[in-house]
Ligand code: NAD
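One chain comes next, on its own, written as structure tokens: the form predicted on its own.
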Amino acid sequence: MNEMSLNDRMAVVTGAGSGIGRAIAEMLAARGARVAAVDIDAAAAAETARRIADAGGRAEAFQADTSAAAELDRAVSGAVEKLGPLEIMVNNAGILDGYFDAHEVTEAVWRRVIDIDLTGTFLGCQRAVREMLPRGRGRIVNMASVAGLNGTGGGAAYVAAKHGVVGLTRQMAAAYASRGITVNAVCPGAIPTGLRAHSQAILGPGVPDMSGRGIAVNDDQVRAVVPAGRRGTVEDVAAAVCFLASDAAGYITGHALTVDGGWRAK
């Protein structure tokens, strides 16, 4: 038996329309899972589902703002109806905060980042548990960040939110381990995606340009903070998620798995 196989399992992936989320959805499907691709952008979610279908997998697309409980509930309910019982929940949807320190960030940006990155993750966990508890099993994987372990890697809102994701993961792991549900987090480091531009679009035109802000913006900065001397890939992160979702990780819960080329080891 291949403990890494995800054959005949149903997975919901939020933020699946691009970047790390799309890579996770595609890799889960390649390992045999039926995938519900959830994204705030309906067209992006549909494109991920199409790519999976073209590769021979099975997927459905759902639009939802994961910070809104009713929208997330509708998406998960639709996924269960079309794809079967929920076994894997990947709470990946998130945005950056522009790397603004506490004296710079507006209340509106703070609240939007916390709503999506932390409250949205909580709502996804809560909705997943409702499906998993009656069946006595399930895998929840939350997307944190090295910013959930360091005081750097984002601004005040992003670092606070990602620390909250790690704390939520640990609390839930302790609460549900005896009931067959594992809850883990993945903490990516410098991974090239379109997250800055995506976050800028969601936060709106009133937020200053964040394209050049932060750390690990260029290759020289990456080499300065990452012992591996390079950026990771979205596939690196997806592989970690697939491992935590598999039977091979059945005795791992409450863990924050760094995928960072050694950043946290320094």
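Computed from a predicted model, the values in this text were never measured in an experiment. Don't overthink the numbering: it's just position in the shown sequence, from 1.
There is another form of this protein, the form predicted in complex with the named molecule, and it is not shown here; the text below is about that form.
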Thinking of 15, 93 and 193 as the candidate spot, does the named molecule come within 4.5 Å of a heavy atom on all of them in the predicted bound form? yes
Only hit among 236, 65, 47, 60 for heavy atom within 4.5 Å of the named molecule in the predicted bound form is 65
Have a look at 181, 116, 157, 86 for me and say which one sits with a heavy atom within 4.5 Å of the named molecule in the predicted bound form. 116
Picking from 126 to 134, 182 to 190, 77 to 85, 168 to 176, which part of the chain touches the named molecule in the predicted bound form when contact means heavy atoms within 4.5 Å? 182 to 190
The named molecule contact in the predicted bound form: residue 40, any heavy atom under 4.5 Å: yes
So, in the predicted bound form, is residue 19 in contact with the named molecule at a 4.5 angstroms heavy atom limit? yes
Taking 4.5 angstroms as the cut-off for heavy atoms, does residue 198 touch the named molecule in the predicted bound form? yes
When the contact criterion is heavy atoms within 4.5 Å, does residue 109 count as touching the named molecule in the predicted bound form? no
Is any part of 160 to 183 within 4.5 angstroms of the named molecule in the predicted bound form by a non-hydrogen atom, and which residues would that be? 162
